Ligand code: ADP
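Below, in structure tokens: the form predicted alone, a single chain.
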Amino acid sequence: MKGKPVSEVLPHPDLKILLSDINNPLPQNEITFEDGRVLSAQCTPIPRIGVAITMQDITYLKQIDRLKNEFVHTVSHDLRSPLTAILGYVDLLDRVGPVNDQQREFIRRVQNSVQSITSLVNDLLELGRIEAGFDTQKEVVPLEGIVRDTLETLGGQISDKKMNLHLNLPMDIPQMRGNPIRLRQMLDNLIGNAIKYTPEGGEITIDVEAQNDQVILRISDTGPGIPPADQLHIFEKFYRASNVPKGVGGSGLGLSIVKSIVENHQGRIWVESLLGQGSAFTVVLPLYKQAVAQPA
């Protein structure tokens, strides 16, 4: 095998993606086999030698995750009706008789709590739809327009926190094929998280570039960073980093939704972070390739 290209020795497509750029390989990727086995592969460059790939069988973890997803989806679906009923009856309380100020405050707290749970349930059902592959309809979309729409929506939050935004968005970024609603949801979550976790006066950098047949989106912040032990789990449902600042809310579902959207678009996502220096989320998505008509 010595002297042969890596693509010939290791023909698996997932391994090819991992080593698509031998000088700057992806830090990790999942390798899926036809028999259902799934391996987690980590790639570590070794100066003047090459790269080392280590693999771990995570098939059982995938099976556990699938069972958990099915259970969560079932429970979430069954919760919608009673939550709607509770909120409806609470809204009617002040219509059937007078309530004092203390009672009105209690009603407000119940409404807020029910709305929070309802939002969580909706996120879970939304995640279930994405993971089930129901969003199959895709169209040719300009990523540049989606990025600018997201920034226009979140611009007020950036201004309120007196943040510095650095946007590196070339005008000639090729189009990609995807679901514009989901891609917007992905950006809302990633950029929204950068705003949420970066302290006032911090910086957010958004870099977009086309490279070969893919577009690379990188969102960096100067927030508290993510501890190394938490980075392995940050895309899991309900997982939140151990150093989340007090008062910063969240359900721990945002990044799970982002990861599912990226994978639904045949893309990849990973995080790089240093404590006290911030985090950077990188998304790699395939560009749109227009079919060339074959001569008759």
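Counting begins at 1, following the sequence as shown. Just so we're clear, the structure is a prediction, and the values are computed from it rather than from any experiment.
One more form of this protein, predicted together with adenosine-5'-diphosphate, exists but is not displayed; see below.
Shown alone here, L255 lies within 4.5 Å of adenosine-5'-diphosphate in the model of the complex, counting heavy atoms only. adenosine-5'-diphosphate in the model of the complex is approached by I226, whose closest heavy atom lies within 4.5 angstroms of it. By the criterion of a heavy atom within 4.5 Å, P45 is excluded from the residues contacting adenosine-5'-diphosphate in the model of the complex. At a distance threshold of 4.5 angstroms between non-hydrogen atoms, V244 is in contact with adenosine-5'-diphosphate in the model of the complex. For the residues A194, L183, V215, L127, the 4.5 Å heavy atom test against adenosine-5'-diphosphate in the model of the complex is passed only by A194. Of the candidates I53, I31, I269, I234, I234 is the one whose heavy atoms come within 4.5 Å of adenosine-5'-diphosphate in the model of the complex; the others do not. The stretch in contact with adenosine-5'-diphosphate in the model of the complex, judged by heavy atoms within 4.5 Å, is 194-202, chosen from 194-202, 169-177, 80-88, 152-160.
In the model of the complex, adenosine-5'-diphosphate lies within 4.5 angstroms of at least one heavy atom of each of the following residues of 270-286: S279, F281, in sequence order.
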